[in-house]
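Just the one chain here, laid out as structure tokens, in the form predicted alone.
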Amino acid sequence: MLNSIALIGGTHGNETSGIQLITNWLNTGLPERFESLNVTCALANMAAIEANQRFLDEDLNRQFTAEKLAADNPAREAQLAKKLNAKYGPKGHSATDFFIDIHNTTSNMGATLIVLEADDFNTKLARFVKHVMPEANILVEDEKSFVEHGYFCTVGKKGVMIEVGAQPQGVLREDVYQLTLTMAEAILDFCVAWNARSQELANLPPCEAFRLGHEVKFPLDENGKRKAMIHHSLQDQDFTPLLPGAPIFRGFDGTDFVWEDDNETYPHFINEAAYHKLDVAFATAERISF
């Protein structure tokens, strides 16, 4: 039974779809069909929202490991994380049954539901969302245990992220906002069905999903400077199969770098702006039945 649900926007201050959706629902209330749910809507990092920046000192969405929550870190997001953990958690002994955190990406990932566990709850949720929103992508990041992740949503007993793009940082696109709204409502519809123990959930067939692999970095020269950019044939092709031998980078000298793995992969977070300083070009995934 989901007795308490947190629905959060503004974990990153320049990801505007969740910020706008939460603002709207704070002003108008949730749609009437969700009245049976106990949902708390809130904005997370108000200072970053006001500055229209991802964060002020450090990424808030990486602060929620046990080590970081226990550390004496003066960074503003580190201090905010402790307050948010106390409010919605504490992590590992949470007062929040289900935590939904809304994000945007500059990558062409469409509406993506990120789940962190392959348990009964998350598989049923993924199947439900995919059933009512066929255009959705399901990304499974279970390469580590739920509690080991540093994501904000892990302060709940269960937690997921909505990730929608492509949207530039700091601006609002109507089509991306509508996808965000549709996915948020689909997740809340699932919560209603879960609490009602609806037989519908048991009858949903497995769905296509993508299990996270590893990060691929940009090629760097001997001075640590990039020597290539995302190849045009890969750009905006999130969750499209990348085959062995296909180009992935175009060097600044005109040469191409190709995918040298023997297996196809499903790249995502391609050319994500927030990962620019980390030199992360994209992440890989395998296509699975979930």
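When you see a residue number, it is the position in the sequence shown, counting from 1. Not measured: the values here are computed from a predicted model.
The same protein also exists as the form predicted in complex with another copy of the chain; that form is not shown, yet it is the one meant from here on.
Listed residues K91, K130, R173, R211 were compared with another copy of the chain in the predicted complex; R173 is the one with a heavy atom within 4.5 Å.
This chain appears without its partner; in the predicted complex, the one residue of N38, N263, Q53, T240 with a heavy atom within 4.5 Å of another copy of the chain is Q53. Put simply, I230 is close to another copy of the chain in the predicted complex: some heavy atom of it is within 4.5 Å. Proximity of Y177 to another copy of the chain in the predicted complex falls within the 4.5 Å heavy atom cutoff. In the predicted complex, another copy of the chain stays beyond 4.5 Å of every heavy atom belonging to P219. Contact annotation: L278 falls outside 4.5 Å of another copy of the chain in the predicted complex, judged by heavy atom distances. Heavy atoms within 4.5 Å of another copy of the chain in the predicted complex belong, among the stretches 194 to 202, 117 to 125, 162 to 170, 135 to 143, to residues of 162 to 170. Within 4.5 angstroms of another copy of the chain in the predicted complex, the stretch 245 to 261 places a non-hydrogen atom from each of R250, F252, taken in sequence order.
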